[in-house]
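This document opens with one chain alone, in structure tokens, the form predicted on its own.
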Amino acid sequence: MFQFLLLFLRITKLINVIGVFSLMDVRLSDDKLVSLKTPLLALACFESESMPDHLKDVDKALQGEIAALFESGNFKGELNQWRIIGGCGRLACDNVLLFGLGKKNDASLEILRRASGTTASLVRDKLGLSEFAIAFHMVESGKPCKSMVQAEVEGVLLGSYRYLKYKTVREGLKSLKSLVVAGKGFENEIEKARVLAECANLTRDLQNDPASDLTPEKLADAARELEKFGVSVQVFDKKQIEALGLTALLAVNRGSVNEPRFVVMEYDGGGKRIALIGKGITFDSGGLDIKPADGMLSMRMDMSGAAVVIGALRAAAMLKLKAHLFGVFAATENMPGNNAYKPGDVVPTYSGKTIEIANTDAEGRVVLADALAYSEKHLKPEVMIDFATLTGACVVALGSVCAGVMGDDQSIIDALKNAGEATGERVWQLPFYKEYLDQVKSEVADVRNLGIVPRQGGAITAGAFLKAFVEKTPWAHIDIAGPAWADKSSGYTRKGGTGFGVRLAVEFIERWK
């Protein structure tokens, strides 16, 4: 009984979306839909020419208004189609929202997640409500599936995210404060959805923070916050980094006035030893090979890989996953200061291998070289996965729909692909032939940080470069450059940092046996 009360308190606790301070209470109600008292009851259906059976009780109370919408063709349940019907005292709720999920043959948890996210922003921003009830999970003949409830709540909590940290005028801004989920017995699913959304939203906040505020030191401070959840955190400053011999990280840092940080987090829940490694470039100017102005505007998010690792370790600890996890990232800015590293330089690395710098704007892979080599040697994981906003080439190839994945162990890649389909954070496998590995060989050093063939296979040759610093541990590289950042809001994705990778990583950890 005591454990149940603790779980209930966690479910109904106020959710603090960092930087937004939006409060949302999530609770269950086993009232019948016609008796559920709420300003808005959100119901869903698949595309159809006639009214679905699971809406009949509500339609009866509404004296046939839902059936009339279907008969007239004004509502068919097409994807993202919606209609509002006033309760007018006929139901316990004030209004009913009908939301279309599209064709039943196309149904997936991701469509449900996106629909729930769209509904959250619709309820808050267009209808101006602070609370509503949702029963999208009853779309299958009124018999809810637990995974549908989790996806639905994830969608609402992710879709209600806003980054308001620097907004001094908030008058007129509405916030969702309460969500009621129709049904009973879904406490665990709601709690998991809450944790995953909370940690993804933390990652979003870190991505959205201005680079002048989120320096490498501040990013390391964000990692230190995980100690509250039982994660041990080691933070190495510049002198300690020099003592460790992370010379590739130090090379990239030379042009910046802000010192680098190297962070190692550890959560020991038992089980497999898995290392998650993130790229932590808190601002990327391109260095001496400087980017054009438009190319720099969003480069505060070049630390997204590190933010994903922080979010994933936090979620794993909160969910008490049975795994022995390490989270590692090397953080620095890439700036064209007086002592910046230069094109043509040969840079030593922690592994002992040397790098020819063909372009200073290919810096993320240079700092990851040290992070990967250190992790393999000192942490001795059974699996290593790195997350990095590594290449514009991956954005050209795949856009923002999915991330690119490559590596030397097909079982890891297959597990990541399956985890991506389950979470909606999808990955697409890119080829990793020996010819790509040959393209990063250097005539003056062991490896060069660009492929020898200009503008060809850039995402893959970047992965091939990283492979040179992984000697024997099964490993996969995920290039999140496309899906880590959104230029517009859609579904549960909000403009700016997306938090992509947190839910993917957690799902992978749970699946990996």
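Owing to the predicted nature of the structure, the values given are computational and were not obtained by experimental measurement. The first residue of the shown sequence is 1; numbering continues from there.
Omitted from view is the form predicted in complex with a small molecule, to which the following refers.
Visitor: Can you pick the stretch from 177 to 185, 408 to 416, 208 to 216, 293 to 301 whose heavy atoms fall within 4.5 Å of the small molecule in the predicted complex?
Guide: Result for this chain: 293 to 301.
Visitor: Using a 4.5 Å heavy atom cut-off, which residue among E363, E425, D370, E154 comes into contact with the small molecule in the predicted complex?
Guide: When the small molecule is considered in the predicted complex, the option within 4.5 Å is E363.
Visitor: Under a 4.5 angstroms heavy atom criterion, identify the one residue in A476, A464, A481, C45 near the small molecule in the predicted complex.
Guide: Exactly one residue meets the criterion: A481.
Visitor: Closest heavy atom of T332 to the small molecule in the predicted complex, within 4.5 Å or not?
Guide: No, T332 stays farther than 4.5 Å from the small molecule in the predicted complex.
Visitor: So, G392 and the small molecule: in the predicted complex, are they within 4.5 Å at any heavy atom pair?
Guide: Yes, G392 is a contact residue.
Visitor: Is L450 a contact residue for the small molecule in the predicted complex, using a 4.5 Å heavy atom cut-off?
Guide: Close contact exists here: in the predicted complex, L450 approaches the small molecule to within 4.5 Å, heavy atoms only.
Visitor: Consider R314 of the chain shown here, and say whether it contacts the small molecule in the predicted complex, taking contact as heavy atoms within 4.5 Å.
Guide: R314 lies outside the contact set for the small molecule.
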